[in-house]
Each structure stands twice: as structure tokens, then as C-alpha cells.
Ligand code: PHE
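Before any questions on binding or motion, here is one chain by itself as C-alpha cells, the form predicted on its own.
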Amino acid sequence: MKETLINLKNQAIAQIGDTSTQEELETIRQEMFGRSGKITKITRELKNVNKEERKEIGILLNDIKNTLQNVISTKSNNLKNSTRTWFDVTIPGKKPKIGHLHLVTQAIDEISKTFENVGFVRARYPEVEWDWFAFESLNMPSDHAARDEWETFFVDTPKHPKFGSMVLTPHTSSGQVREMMRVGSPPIRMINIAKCYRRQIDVSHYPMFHQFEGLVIDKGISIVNLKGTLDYFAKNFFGENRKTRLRPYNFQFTEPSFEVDISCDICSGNGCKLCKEGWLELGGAGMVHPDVLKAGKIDPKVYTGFAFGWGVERTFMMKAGLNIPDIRLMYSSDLRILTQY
């Protein structure tokens, strides 16, 4: 019995080594381990072997089974590998397509870095704000048009005993007094970039938009410092060929106040559906009103400051070379638009 098993093992290993296809290998496996296979028959006959030899033969039989199964498995893997298509592993692979940051995020990063280069520090304040910070502390009377429910999104919640109604932040200017309170004592050089909400929508407005707020407070700050800061930003962000202009205006939280315009990149100042007259409004600016400084616990007799607040999307639309005609495209899910930027 022992010699029969050993001879059977050696013959099977030799046959397995000579196979060249999976079909031949499967035939050998069936001859050994199939229902009528040689190993299967010997296993059934093991009960007829005398007790003295049964244990020893059983151990040998199991060892042969394991050996043959391992040899068959190894041969099968070798046959699979030999049939695979050859390729040169040194050839560079195809790089998968990767995404990129959204256009608005790119704009925020660029704006932030531009101001950080001249000493501004990035700040963030609540998107859901109290009326006092959004309006009252900014010297805006209770009957101001911006405090109407047709202009501002009010949150249906009980009023705060001191700060009044809750609103969705209508402008980043609400962070001015919060920054003053946080710092306590100037100097202050803040750039606040955040989401804002207003009930407006057209080619140049969107109900939710991003705004960046600049605030500088220190001793001896004048309109010259503000003009220099705005000129620096325009030169570094928009390019040398774009023109800016200042228009006197009235804001409750700055005095004197003005609006900053820039020549339209779509029509090069000739007039189009986006700009109408060749100029696009960037946003408001001016010297911080003394009442606002007082609301922030800062003495207006000692310190002065300037502030400006512009929309991120509208500012980025005016950047040279982008040619974005409608602000709503910046929130489109159309990949034909998104992949361009």
C-alpha cells in the first residue's frame, strides 16, 4: 500500500509538470480527486487495512493529498500568469483626471493672499447674525431700507433682549464691531471673507454670495491709506490695464464714503448687458464712522480707520481674461463650465 501511494504521487507530480493548459490540469485533478479518482478509491479502501498499518497509511495518504493539491494549485497559477498579455512596466501610466478647487474658492484664496501680503489678518464671523451687529452698531437707523424684510433674510426666532432680531448676515461689515471687541485695542488689520445673503438675483447679483471686508484701525489712518490699499489690490489682482474710479456715496457706517468702480473686462469699457455703461461696481469703502468706533469700544478721538466691502464673485468676474458674463454661471453644476476653470 505504501509503495502504491508513493508511486502514485510521483507519477501525478510528473504529469502535472508536463501539463500546458488548464484543461489538462483539470483532467489530472479529476483522475486523482474525482468521485472515481485514484486517491478517492484508496481513501475508501483504508477501512479494510489492518489496524496496525491503518494509522501510518492514513498519515501518508493525507500528506500525499496535501502535496498534490498544492502542486496542482501552483501549476494552475503559473498557467494563468503565462497566458496574460505582456506589457512593458517601464512605460509611464495614464494619469487619472483630477478635480480642482471651485472657482469661488480659488478667488477667496487669491484675495486673501493679496491682502495678507500687506499685513492683513484673515478673520471669520457668524453667517447667522444679530440685528445689532448687522445694522444698529453700524449706525443704521431702524427705518433704513436695508433693514426691511424685502432686502434682508430674517430668521423666525425670538428676539434677543439686547441684540434684537436674528438675520442671515447681509454683509461682512457686521464683523467690524465684533473684530473691535475681540481685539480690544488697535492696531487692527482685518480681512473678513464670508457668505452673505440678500434678496437679489440677476446677472450680477445672487441671493447668496461671498464678500470680503477690509478693516484698518490705528492712530493717524487717513483716506490716503485707504486709496493706497485699494490701488495696490487693483494692480495686483486685476492687472495693469484695468482702470478704477471713485464715486462719492453715502454709507451709514463710513464718513466720508465712496464707491469703487472698475472698467468692465467683458466689453473693455464700451458697455454691455453686464455693466451697461462700461463700469462695474466693486463695492463700498470709506473712513470708519465715529459712531461705529464707539460701538466697538474704541475712542474715535484717538483712533481712525478705513473699511471696504466687496463681493468676491463680482470682483472675480472682473478679472482679466475670465470673460464671465453672468454671475449665476459660477454656481452652475454644468461640467462644461466648471472644467474651464
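Quick caveat, the model's predicted, so the values are computed rather than measured. Don't overthink the numbering: it's just position in the shown sequence, from 1.
Keep in mind that the form predicted together with phenylalanine (PHE) is missing from the display, and what follows is about it.
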Query raised in the report: Judged by heavy atoms and a 4.5 Å cut-off, are Ser173, Gly284 and Ala307 together in contact with phenylalanine (PHE) in the predicted complex?
Result: yes
Query raised in the report: 246-254, 99-107, 185-193, 158-166: which one contacts phenylalanine (PHE) in the predicted complex at 4.5 Å, heavy atom to heavy atom?
Result: 246-254
Query raised in the report: Wondering, does Arg242 line up within 4.5 Å of phenylalanine (PHE) in the predicted complex on heavy atoms?
Result: no
Requested in this report: Indicate whether phenylalanine (PHE) has at least one heavy atom within 4.5 Å of a heavy atom of Glu129 in the predicted complex.
Outcome: no
Query raised in the report: Does the 4.5 Å heavy atom contact test between Gln211 and phenylalanine (PHE) in the predicted complex come out positive?
Result: yes
Report task. Verify the contact flag for Arg198: yes if a non-hydrogen atom of it lies within 4.5 Å of a non-hydrogen atom of phenylalanine (PHE) in the predicted complex, no if not. Result -> yes
